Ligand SMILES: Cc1cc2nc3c(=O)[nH]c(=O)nc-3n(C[C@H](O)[C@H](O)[C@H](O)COP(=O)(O)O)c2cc1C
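Starting off, we have a lone chain in the form predicted on its own, written out as structure tokens.
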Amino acid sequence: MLVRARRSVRKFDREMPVPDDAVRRSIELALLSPNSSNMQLWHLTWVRDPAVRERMVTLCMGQNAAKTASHLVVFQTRQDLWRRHAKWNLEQAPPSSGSGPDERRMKLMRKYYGVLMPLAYRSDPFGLNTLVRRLGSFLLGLTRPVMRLGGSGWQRVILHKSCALAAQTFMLAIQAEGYDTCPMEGFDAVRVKKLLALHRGADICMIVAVGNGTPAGVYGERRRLPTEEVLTII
């Protein structure tokens, strides 16, 4: 199965590049990934230009995966797009007949994307929105279970979880195409953003190298802790 077949391959065959079509199909599948509230607060930068990829090698700490990759895909979170994406979600709702289930659904969507999403994602330089979120969560939590909304750290975790799901889907899709990947966390995010002219609101989650794997690129057998070490059954 795909999950067992996928390995982080660190050396690719530069003489056998991965076709653009395979990467595009995999990106389109990645965008179908589950994500928080369907806000899709992510952006992908596909580095196809060999000259730019060459400059990326140094910024990826000289990793072999970056040196030999056919493509690099930079997965980013984009909290700054929350207003636009909340509005888009509302626009996707079917027209209401004025009553019945459709109208109830529309009211829920207007409340969700018009009230809850601003509450969750709005920020300000003085931290007032964070204070409101935390205080509201605390007070409501005195009498019932609530989602504990927090500050910028909490928001960043939410965004990166969704973006990482998209990256995993992408890697499995590439595996299904018959090629290999290596997710990289070792990079100079400041210089990568400058080189690729990424939006100032972008926060890089990971860079995925794509290529035609070689046996030398798999650094030994896969080793995982025993299931009992990481699983609790209640």
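The first residue of the sequence shown is number 1, and the count goes up from there. Quick caveat, the model's predicted, so the values are computed rather than measured.
The discussion below concerns the form predicted together with this ligand, not included here.
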property: Contact assignment for this ligand in the model of the complex, among Asp49, Asp188, Glu28, Glu185, heavy atom within 4.5 Å; result: Glu185
property: This ligand: the contacting residue among Gln40, Gln63, Gln175, Thr45 in the model of the complex [heavy atom, 4.5 Å]; result: Gln63
property: Non-hydrogen atom contact Ile204 with this ligand in the model of the complex at 4.5 angstroms; result: no
property: This ligand in the model of the complex: contacting segment from 31-39, 177-185, 191-199, 51-59, heavy atom within 4.5 Å; result: 177-185
property: Residues in 203-234 close to this ligand in the model of the complex, defined by a heavy atom within 4.5 Å, in order; result: Met206, Arg222, Arg224
